[in-house]
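As a starting point, one isolated chain is supplied in structure tokens, in the form predicted on its own.
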């Protein structure tokens, strides 16, 4: 198991999450009521950036014509198709026994006395904080390809970059 510092505890209060990049994959780290959970930032349905979705709760029906929001802050909704996942265990809401997203263990560590001002630890943390991906940033793990319309045809480009323009 490799160790990756995400941030200081006070930088991730309850109800907040951040998305980090670790070894080529993006992972959402969530603080749900003081407990930390981590999910792979990839919806198992269509590989959407799951952790960039809305964090919400479950709508339940305790009686006919009644509904209420429960488990507020424990469910993340995929931004592409609305599939919902339990942040605490990665299981889908609609089919928890068959569909789930990968989860990771998260620990809170305290530095031994005198080591809390370790400049190397701060530098390592700052480096990871810079790697944080904002909710509007593109997910670097997704492959995208340029598509353009040329003379009424939709054209997909594969490869590193779009080829040079063709002569008219």
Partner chain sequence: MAVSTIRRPQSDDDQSGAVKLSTIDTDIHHGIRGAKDLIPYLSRTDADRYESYGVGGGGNLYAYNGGVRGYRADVVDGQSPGGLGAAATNIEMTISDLMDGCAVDIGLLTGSSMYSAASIPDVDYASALCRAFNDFTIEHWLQRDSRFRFAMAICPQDPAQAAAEIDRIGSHPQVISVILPCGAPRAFGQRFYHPIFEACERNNLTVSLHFATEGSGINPPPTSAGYPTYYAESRQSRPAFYQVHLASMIFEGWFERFPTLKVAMLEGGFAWVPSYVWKLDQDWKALRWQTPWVKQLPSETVFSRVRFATQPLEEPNPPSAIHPMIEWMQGQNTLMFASDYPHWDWDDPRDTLTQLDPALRHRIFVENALDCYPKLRNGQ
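Being a predicted model, the structure only gives us computed values, none of them experimental. Positions refer to the first chain, counted from 1.
In what follows, reference is made to the form predicted in complex with the partner chain, a form of this protein that is not presented.
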item: Residue contact check: residue 82 to the partner chain in the predicted bound form, 4.5 Å heavy atom; value: yes
item: Proximity of residue 54 to the partner chain in the predicted bound form, heavy atoms at 4.5 Å; value: yes
item: The partner chain contact at residue 28 in the predicted bound form, heavy atom, 4.5 Å; value: no
item: The partner chain contact in the predicted bound form: residue 67, any heavy atom under 4.5 Å; value: yes
